[in-house]
Structure formats: C-alpha cells, structure tokens
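A single chain comes next, written as structure tokens; it is the form predicted on its own.
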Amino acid sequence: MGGELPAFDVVCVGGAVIGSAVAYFLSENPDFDGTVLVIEPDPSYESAQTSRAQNSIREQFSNPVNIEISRFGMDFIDNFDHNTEVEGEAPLINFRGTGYLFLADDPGHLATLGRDAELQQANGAGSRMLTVDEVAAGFPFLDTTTLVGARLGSMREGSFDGWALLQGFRRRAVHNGVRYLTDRVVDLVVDGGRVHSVVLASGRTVACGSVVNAAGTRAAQIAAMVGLELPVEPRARTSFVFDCATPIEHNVPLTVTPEGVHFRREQHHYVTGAVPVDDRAVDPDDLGARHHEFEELIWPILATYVPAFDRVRVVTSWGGQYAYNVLDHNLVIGPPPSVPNFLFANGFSGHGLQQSAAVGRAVSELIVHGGYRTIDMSELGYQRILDNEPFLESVVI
C-alpha cells in the first residue's frame, strides 16, 4: 500500500518495551505537546526479547549510573498501578522480592564483590557482604565448601512480569494519544544531517521531527540507514525451567555462581541460564533453544552448589537473544554528533527490561528539553563508540 502518513514529531522504530517506554514518557511529559508514532512489525511481540526475558531487576552494578538507572526502575515498579492506570485498571506486575546473591570462591573475586558493595551502598543500594558462615545460615540449601563469601542485595531486587511492564507502558501511551502502526522500517531519509522521513515496507513514508532507534537486536541495521556503525549484535540465550525432586523451603534469591550460571525460584519451579561457551552473533530470527546447554553447561554447576539439584527435571525451555553491545555490554543512548535528531536506545545486553523506565524517561528529556533532567547518562552516549572507549561494567550476567 503506497501513500504518505501524516507527519509525526517523534517516530520510535520498535514498539517493544524500550520503544513503548519512550512513547509513554513522552506522552506523560507535561512539556511535550507533539505527536508520537511507534512502528512495530509484530504487534503480538512473540519474537520480541521482552517476551523471552527472565524478567528480573537488580541494583548491584559496578558504576553509579547503572545503579541509578535500576533504582528508578524499582521505584517505577513500586508505583506501577498508579503509573500505568487506565480507566481504573493496570496490568498486574507481580513483583517478587528475593534479592540477588553473588557467590565467590576465591579471595580476588570476593575483594571485587566487596569493592563494588561499597560503591553500591554509597549510591543508595541495599547490598551487603556475607561471610561463609552467614551464607550457610541464610541459605542452608547451598553447599558452601568451596565458597569464601558472597554479596547479597536487598529485597527490592527480584523478578516481575515483563509482559505486564510492556503492556503498562503501551496501554497508557495509547490512552495518551500515541499511535502504534504495524509495519517495518526499511529506510531513513537523511538530508543536511537530519532524518526527514521514515520509509516503510508497506511503501508508505512518514515525515518526522525525531527518530528513536529502539529496534533491539536489529538496532545496527537501523543505524546503518543513517550511515552509522553500532556494535550491537544478536547473541543467543536459552532459559530453562526445572523441577527439583527435593523441595527447598527457604528463599532462593537469584543466585549467580562464580562460573556465571544463575538460578532463582519461580513459584514452584526454578529458572536458570548461562552464557554459552561459544558466544557469538547469530541471525536475529534464530530464536531456537539450545537444549544441550542444560546438561553440558548448567546442570553440573547447579548440582555443585545446590545438592538438592542433583535430581531435577526440565519442565520447559525457550530461546531468546541479547541485543549485545560488543564494545562494553552497556546501553547506548542519545544522539550522535552527525545526526542530532536520531537517538539511540540500544545495546542493553540483557538489561533492557530493568532499564526501560529510566531510559524511556531519559530519551524523552533529550527530545523535549535537549538534555538530561534527571539521571545524567552522558557517559553512555554514542561518542564512546566513535572513540572506541568502553564504559566498563563488571557486573554482567
């Protein structure tokens, strides 16, 4: 179908949790009276990483800006009903506070956990260090033989319904006048260093004031349309849900082993995952589960730290992807110098759901006010990509 759509002040490329968060915060900003269009090729979100994530949030990071970003996400979830209510109803976010537990099996790793704990505490996070005896007393299901200590977060860390978060953003944004369009962006028309229009697979074009790249694992393709390189690629991640023959009666926080395997309780089951041994770029349409990872990579580690996990049964599994920032695993946000009305919101490397609220607000501030008004995310801008200078974050799962 050809023809032109009306012009929009802001066009978001991608309508999953990041694009919808940007649309939400623009539509909630009292200083913004413009129009917003969100372009999403799959309104079912079946293949969106929002629908395939493990839906957790933490404040245990190693730099202040990431801590602040997640702490705002926690505040948003705390007030989710109020923030997303439409005609007296809001999706059920079902937050479950468990904390994150990072285990250490050597003094060097423990020292790193302790150093980061001091920074986290200085920035308002509720993490604290535990001795081996404290780990054994608090989590008696763990085998602490090889451990030298751990770091535990507050009960503000935990899991939630990621689908509800997306729907909360989306429903309120639509209620506020944001328009969603089912289509795919195939080109961006740039003239004089600005994006002037968006070309769609349907043949239609949309004139625009600003464009937000919220395209997830396809973000690099959108960036290439304005002549920019973005080191973000799809990396496969498989999630497993399993049963345990011997039920654990204690709180099971999201536990991260020194080997990088993580697990937590999910109602009467357990959820787990790990970084693949061969972690490289895959096709963005490759959403298949890597079933072999459970027995070859994950289960031996689970059984080492939790003797009860020696007898387990996989209930289900699913494949997903990280929009992986190859440079430094951190998000890229804001405009590049060469195209000031093109804004990045990409490369979350598995942190998209928990960072969506703060990033949506930040992008709205850049568009409406021309700068950050709340959390200063300048360190996460595109300039570091141009300079090839990583913004390092050591607490990556």
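Residue positions are given as counts along the sequence shown, with the first one as 1. Since the model is a prediction, treat every value here as computed from it, not as a measurement.
The protein also exists as the form predicted in complex with a small molecule; that form is not presented, and the subsequent description refers to it.
- In short, of 109-117, 215-223, 147-155, 75-83 it is 215-223 that has heavy atoms within 4.5 Å of the small molecule in the predicted complex.
- Contact annotation for Gln49: at least one heavy atom lies within 4.5 Å of the small molecule in the predicted complex.
- In the predicted complex, at least one heavy atom of Pro41 sits within 4.5 Å of a heavy atom of the small molecule.
- None of the heavy atoms of Gly334 is located within 4.5 Å of the small molecule in the predicted complex.
- Shown alone here, Ala16 lies within 4.5 Å of the small molecule in the predicted complex, counting heavy atoms only.
- Contact annotation: of the candidates Leu37, Ile367, Ile67, Ala53, the single residue with a non-hydrogen atom within 4.5 angstroms of the small molecule in the predicted complex is Ala53.
- A single residue from the set Thr257, Gln321, Gln167, Ser210 has any heavy atom within 4.5 angstroms of the small molecule in the predicted complex; that residue is Gln321.
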